[in-house]
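Okay, here we've got a single chain as C-alpha cells, the form predicted on its own, with questions on binding and movement later.
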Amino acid sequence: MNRRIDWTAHIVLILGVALFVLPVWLVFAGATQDPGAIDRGELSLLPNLHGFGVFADVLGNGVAGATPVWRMLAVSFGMALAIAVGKIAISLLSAYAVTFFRFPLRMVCFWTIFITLMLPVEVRIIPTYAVMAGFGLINSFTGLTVPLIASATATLLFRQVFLAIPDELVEAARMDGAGPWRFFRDILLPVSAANVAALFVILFVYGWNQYLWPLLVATDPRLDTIVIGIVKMIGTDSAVPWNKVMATSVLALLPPIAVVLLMQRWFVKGLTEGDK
C-alpha cells in the first residue's frame, strides 16, 4: 500500500513539474528555430543547434531597432533591486516604530498601514501618477521605483517577528546600555535575517514582473523594462520575429531564477521559521 502511495505521489509531482517546465522548454526551443516555421505552427520540441546565436543577437541589438535587451534587463534589475531593498528597509523601520516606541496615535498609524492592504493597485495608481507628475518624476528612474517601495505586507510581517521577541531580551539590552539604534542593529536585524532573505526573493520577483506602473510612468524607451520590451516586440505592425521574442523571454527568466537559486536556503528558512 505504501509503495503504491509513493508512486502516486511521484507521478503527481512529475506531472506538476512537466506542467511548468514544458512551456519554458517550448520557448527555449522556439528561440533557436526559424521564425517562419514558428508562424506556420511547425515548432519543434528539439532546439536547433545552429540557432543559439539569436541570444547574443537580441542581447546586443534588440529587436527591430528597439532598445537593446541588455539595457532593458539592466533597467529591470535596477528597478527590482531598488524595490526589494527599499521595501525591506522601510518596512523594518516602520515595524520597529509601531512595535517598540510609544508615541501618540501609534495604533492609528499601524491601522492606517494595514488598511492600505485593502486598496488594490488600480485604485491608487491615478493619484500616485498625479503625485509623481507634480514632482516632475515622470520618465525617471526615481518615479519608476519610489511609488512601489512602501509595503504594508512586509511591515505586518516584521511587526509579528518583533512581537515574538521576549521582553526579557528587550530589558537585558536596555540594561546593557543599548540605545534604539544599537538594539535595532544588534538584536532585531539578526533575528529578522531569514525573513529579510525570504522577502527579498519575493519582492525582487514582484519588482521584476511589474507592468502597469512602468507602462504609465516611463514613456522614454531608455526606461523600458524587459516586460514592457517583450510586449512592444509582440505589438509591432510588421511580422513578429517570434524566435527573437522567445529568446528575449528566456533571457528575462534568468535574473529571477539566479536570485531564487542563490538565496534558496535563506528563502526556505525564512518561510519555515518566520513564526519562531
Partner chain sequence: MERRTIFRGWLLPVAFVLPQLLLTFFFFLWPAGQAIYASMTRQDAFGIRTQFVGAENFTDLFSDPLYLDSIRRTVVFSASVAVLSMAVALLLAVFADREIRGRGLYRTLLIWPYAIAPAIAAVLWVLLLHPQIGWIGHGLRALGIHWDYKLDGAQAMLAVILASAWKQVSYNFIFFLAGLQSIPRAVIEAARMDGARGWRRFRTITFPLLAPTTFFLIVVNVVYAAFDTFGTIRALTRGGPGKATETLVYKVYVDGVENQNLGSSSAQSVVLMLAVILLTAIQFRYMGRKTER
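Residue numbers count along the first chain shown, from 1. These figures come from a predicted structure and were not determined experimentally. Heads up, when I say rigid core I mean the largest set of C-alphas that superpose within 1.5 Å between the two forms.
Below, we refer to the form predicted in complex with its partner chain, which is not included among the displayed structures.
Residue contact check for residue 69: none of its heavy atoms lie within 4.5 Å of its partner chain in the predicted bound form. In the predicted bound form, its partner chain sits within 4.5 Å of a heavy atom of residue 41.
Contact annotation for residue 45: at least one heavy atom lies within 4.5 Å of its partner chain in the predicted bound form. Its partner chain in the predicted bound form comes within 4.5 Å of a heavy atom belonging to residue 127. Residues 56, 139 and 194 are none of them found to lie within 4.5 Å of its partner chain in the predicted bound form, as judged by heavy atom distances. Counting a residue when any of its non-hydrogen atoms is within 4.5 Å of its partner chain in the predicted bound form, the hits in 241-263 run 242, 245, 246, 249, 252, 253, 256, 257, 260, 261. After superposition on the rigid core, displacement of the C-alpha of residue 22 between this form and the one not shown stays below 2 Å. Put the two forms on the same core and the Cα of residue 163 is off by less than 2 Å between this form and the one not shown. With the core superposed, residue 125 shows a C-alpha displacement of at least 2 Å between this form and the one not shown.
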